[in-house]
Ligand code: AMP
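Take a look at this single chain in C-alpha cells; it is the form predicted alone.
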C-alpha cells in the first residue's frame, strides 16, 4: 500500500506518523512535506496548491490512496482531480469543501437549517458595511468570506477598529479576493472548543475535543493566528455539551450538506463556543485543523488508515474509532511579530 499525503506542516506530520503505524503501508509520499516529515516520508518538491503537479506525480508513481490535508487544495478541487484518475481519497470534493472556502455559504447553511450560530449580515459593498457598523453592537467580528490562512477574522473591540477591518479587507485587499465579500457577526463569549470529526456522509464520529489558542499575545490579546498551541481533551467539553452538539450541530450539519447535494466525506471540523445559550458554531473547516491535529491524533488508538479508507468507501459505521483516556498538548514556538 502506497499513500500520498498532500501538505507540509505539523498537521501533515501528525497524520503521517499515525499512518505509519499501519504495517500494510509500504511507503508514504509527502507533497511537499518538510524537514521534519523527511524522517518519516519521502518528500517531493511539489507545492500543495500545484494541482497539476500533483496529478502529474500520481500519473508517474504508484499511489493507492491519497490524503489531501490543507484547505486550499481541497477548495481547488484536488480530490476531484485525483478521484478522476481512480485514486481513492480522504478529503471532501470541491463542492463540499465550500463549507470552509466560503464563510457566507456556511453562515447561510446554518441559517437555512437552524444550526445554532452567531447572528450575522453579509456584505459585498464597503459603504453598506460601514453604514451597518454605525449601529451594530460592539464588540463585533469581521470575517473575510474566503480562505485566509486562519487569519481572516478580526475581533473588533471598537467601532473604529471594526471599520478599519472592513477597509483592510474590502479596499486594501489584505486577504486578496477572500475579502471581496465579508461577514459581520455577533460577538459571542464563552469557552471555545474544537471538535474534529470523521464523516462519510452517512455516519459522523467526533474525535476527542481540543482547545486551540488563536490570539497572538498572552492574556488572549492580539490578532488571530493560525494557532498558538492546543490542549486535548477540552476541559469545557462535558458529556452533556457533547450530546447537545451531536443532536443540534453535528448530525444536522452532515444532513444539511447531503440535502444541498454536497455530501461531505473526510474530516469536518467544528469550531464551537459554549455560550450561555448553549453551544454555537463559530466556524467550519473542511479538514483537520492545525495545530489541533497534533494533539488529537496521538490519542487515537484505532488505526487511522482503516478509518480513512472506511470514510472513502462510505462504511465508517462499520469501524471502531477509539481514543485513549489521556491528555495531550501542543506547544507552539512563534517568532516575534
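Predicted, not measured: the structure shown is a model, and the values here were computed from it. Positions refer to the first chain, counted from 1.
One more form of this protein should be noted, the form predicted together with the ligand, which is absent from this view; the next part is about it.
- Proximity of residue 80 to the ligand in the model of the complex: non-hydrogen atoms within 4.5 Å are absent; the residue sits far from the partner.
- The closest heavy atom approach of residue 224 to the ligand in the model of the complex falls within 4.5 Å.
- Although the partner is absent here, residue 160 is not a contact residue: none of its heavy atoms lies within 4.5 angstroms of the ligand in the model of the complex.
- Put simply, residue 185 is close to the ligand in the model of the complex: some heavy atom of it is within 4.5 Å.
- Contact with the ligand in the model of the complex, judged as any non-hydrogen atom within 4.5 angstroms, is confined among 62-70, 49-57, 282-290, 31-39 to 282-290.
- Checked against the ligand in the model of the complex, the candidates 254, 110, 104, 141 yield a single residue with a heavy atom inside 4.5 Å, and that residue is 141.
- This chain is displayed alone, yet in the model of the complex one of 249, 204, 155, 126 has a heavy atom within 4.5 Å of the ligand; that residue is 155.
- Across the proposed site, 118, 214 and 273 without exception bring a heavy atom within 4.5 Å of the ligand in the model of the complex.
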